[in-house]
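What follows is one chain in structure tokens, specifically the form predicted on its own.
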């Protein structure tokens, strides 16, 4: 049965559920549609269900319930037909340390069914595109972490897939290497016509703010927030001040701020709470909070703190 393909939607996910034998509900009725050529970031804290979702989209795991259509193919019933069209850069994976960069990419091209001449041509082309030509004769054990991630991406791209899945691809990289990596992914997206569709998971929210067309936020296995990057950026970046105070004051402070019409989000952490505020509400909030305690700290929140504050507050109003 074909669904979605031809309407501009290259991936259609319907009521996807994944429950593990131990009873853990990793994905809870996820619905998702991704257009051809989009870069979509799937964001959430560790354990949110991101990797489980990717493993189902790449046919590594079967869902407990629900449907997945990629390019119109029902991949739950017919996974073999979609594999030639996708590339995967896994969160965890090993490279063969005694092989050179060129050998790695070429051998995987052959494993993916490419004839010898095309495998050579594609290997050379991908290494040029990912700026790996100068490293192609190096054995993998000589490479930095950032270069190894590029080798993984090269392997994922060597069969010229229409869709590439990247699961936490910059884990363990330093900030400069992470930024260089995302520049390469944007280059990959632009390289083909139509553009390569990219689905990427990460808990580095700042990175996806830089590269993605659309963001999907997952927490406890559910989609809790999604939208184009500009809309989500406006929602999140509006909250530019954080007031940290003891958790015991939470109820009285929240009641008072609500009564005074002060808009805020609250992120709980151990014995503290972080009150996230827009610049327009900071003065009013501080004047109310110091009526109850002077034990407060003002600072700038990270994007991850704001994201989790937004998520927790939206869940509490469900």
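Being a predicted model, the structure only gives us computed values, none of them experimental. Residue numbers count along the first chain shown, from 1.
There is another form of the same protein, the form predicted together with a small molecule; it is not shown, and what comes next is about it.
Mapping the unseen interface onto this chain, residue 26 counts among the residues with a heavy atom inside 4.5 Å of the small molecule in the model of the complex. Taking the partner from the other structure, the small molecule in the model of the complex has a heavy atom within 4.5 Å of a heavy atom of residue 47.
In the model of the complex, residue 51 approaches the small molecule with a heavy atom inside 4.5 Å. Mapping the unseen interface onto this chain, residue 203 counts among the residues with a heavy atom inside 4.5 Å of the small molecule in the model of the complex.
Of the candidates 81, 144, 100, 91, 91 is the one whose heavy atoms come within 4.5 Å of the small molecule in the model of the complex; the others do not. The single contact residue among 207, 213, 168, 136, judged by any heavy atom lying within 4.5 Å of the small molecule in the model of the complex, is 168. With the small molecule omitted here, the record of contacts in the model of the complex names 51-59 of 252-260, 276-284, 51-59, 289-297, defined by a heavy atom within 4.5 Å.
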